[in-house]
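Here's a solo chain for you in structure tokens, the form predicted on its own.
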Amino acid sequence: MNTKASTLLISAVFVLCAQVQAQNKDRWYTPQQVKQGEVVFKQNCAACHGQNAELTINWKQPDANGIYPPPPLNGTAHAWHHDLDVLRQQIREGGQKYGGVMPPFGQLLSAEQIDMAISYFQSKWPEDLYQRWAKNFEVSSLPSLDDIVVANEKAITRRLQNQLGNVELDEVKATIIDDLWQVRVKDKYIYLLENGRYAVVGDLIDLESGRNLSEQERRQTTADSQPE
């Protein structure tokens, strides 16, 4: 390669690095979160929203059943109309209770993983769009709802372990019901109320739909533990 071509190549690399640094400047997430978020996103979200958060072109057009397809998350749809906590809530709770088809991921992804997924698709937003979003929804340095949930989970776990001794516990998780927490002990589920003050052993039933949410979780856990 001649000297002129080498100089041009090096210049191009510096320009690209400068653009990346400029785009990441003043954003709430780190490059490491984006890198990890790519893995989380592609494993859980890409099937509907696209590998690069680009699906779908015709997201404003409902299908034959009147259901709208998953919108793109790369800044070309309405994701930037929502603040960080709303984006987190949408991923945790899904859209089924609002008539949509997106499943809840609160039982599958931790608060940290949800933030990683958001950082990945927000990294696709052009800088001017991100700044408009950040201006409308100032990203506060105060603890988020997710941070509070994680702190509560740890406190509840400690309280339960103090009562049960050396019993091995799964991770305490928030359920879809406010202030109701779930933890699996062997093949049973314990549901905790009032920050772990009270505990009920049994299954959680959604009486409106008739679904046994505990059994659904039990089957999912069993499936996840099976070797591929």
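Numbering starts at 1 and runs along the sequence shown. Bear in mind that the values here come from a model prediction, so they are computed numbers and not experimental data.
Same protein, other form: the form predicted in complex with a small molecule, not shown, and the subject of what follows.
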Next on the checklist: Although the partner isn't part of this model, could you tell me whether G75 comes within 4.5 Å of the small molecule in the model of the complex, counting any heavy atom of the residue?
Outcome noted: no
Checklist entry - Going by a heavy atom distance of 4.5 Å, is R132 a contact of the small molecule in the model of the complex? => result no
Checklist entry - Is there a non-hydrogen atom of V183 within 4.5 angstroms of a non-hydrogen atom of the small molecule in the model of the complex? => result no
Checklist entry - So in the model of the complex, does any heavy atom of Q90 sit within 4.5 Å of the small molecule? => result yes
Item to check | Interface residue in the model of the complex among V39, I177, L193, C48, criterion: non-hydrogen atom within 4.5 angstroms of the small molecule | outcome: C48
